[in-house]
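In structure tokens, one chain follows: the form predicted alone.
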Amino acid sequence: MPTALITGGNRGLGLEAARQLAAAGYHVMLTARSAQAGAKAARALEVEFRPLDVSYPASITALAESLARDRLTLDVLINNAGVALEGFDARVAEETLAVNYFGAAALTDALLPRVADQGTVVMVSSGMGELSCVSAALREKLTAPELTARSSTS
């Protein structure tokens, strides 16, 4: 049975992805920073819940260690957790980046050893992350099939 892990899976796109993957026969691990909301969503879908707050490195480490301890391999990792905070100041910018960029990047790095060789990593983004906002030359570099997390785009 293939395995999928979905961050921010207690509502919205993450919840729907969990529902559809479970219906397709995947072992789904739904994560959420709120244990209560995550567990409730997981029960409703009859999938597994694992707590995770991508803005806290200790939470990412705990999840990665639990997957290793359980000898789980991921066929699909969906980085869906995200925030849209009110206003704009240094605190809002820092908290937004901590979840929407650094959290997804850190989680992906931590879980890559658990992703199957032909596994899929999905990065869900808002319109702020659209590649249509960058030059054609940069867009070509960012969508190159040979691009990896360790490649250079310069």
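Note that this is a predicted model, so its numbers are computed, not measured. Residues carry their position along the shown sequence, with the first being 1.
Separately, the form predicted together with a small molecule exists; it is not shown, and the next lines address it.
**Report entry** Residue stretch of 86 to 94, 64 to 72, 108 to 116, 45 to 53 approaching the small molecule in the model of the complex, non-hydrogen atom distance within 4.5 Å
**Finding:** Answer to the contact question: 45 to 53.
Report task. Mark A39 yes when one of its heavy atoms lies within 4.5 Å of a heavy atom of the small molecule in the model of the complex, and no otherwise. Result -> Contact check for A39: no, nothing within 4.5 Å of the small molecule in the model of the complex.
Query - the small molecule contact in the model of the complex: V99, any heavy atom under 4.5 Å - result: Close contact exists here: in the model of the complex, V99 approaches the small molecule to within 4.5 Å, heavy atoms only.
Query raised in the report: Any chance V121 has a heavy atom within 4.5 Å of the small molecule in the model of the complex?
Result: Output for V121 is no: heavy atoms all beyond 4.5 Å of the small molecule.
Requested in this report: Classify L77 as contacting or not contacting the small molecule in the model of the complex by the rule of any non-hydrogen atom within 4.5 angstroms, answering yes or no.
Outcome: Contact check for L77: no, nothing within 4.5 Å of the small molecule in the model of the complex.
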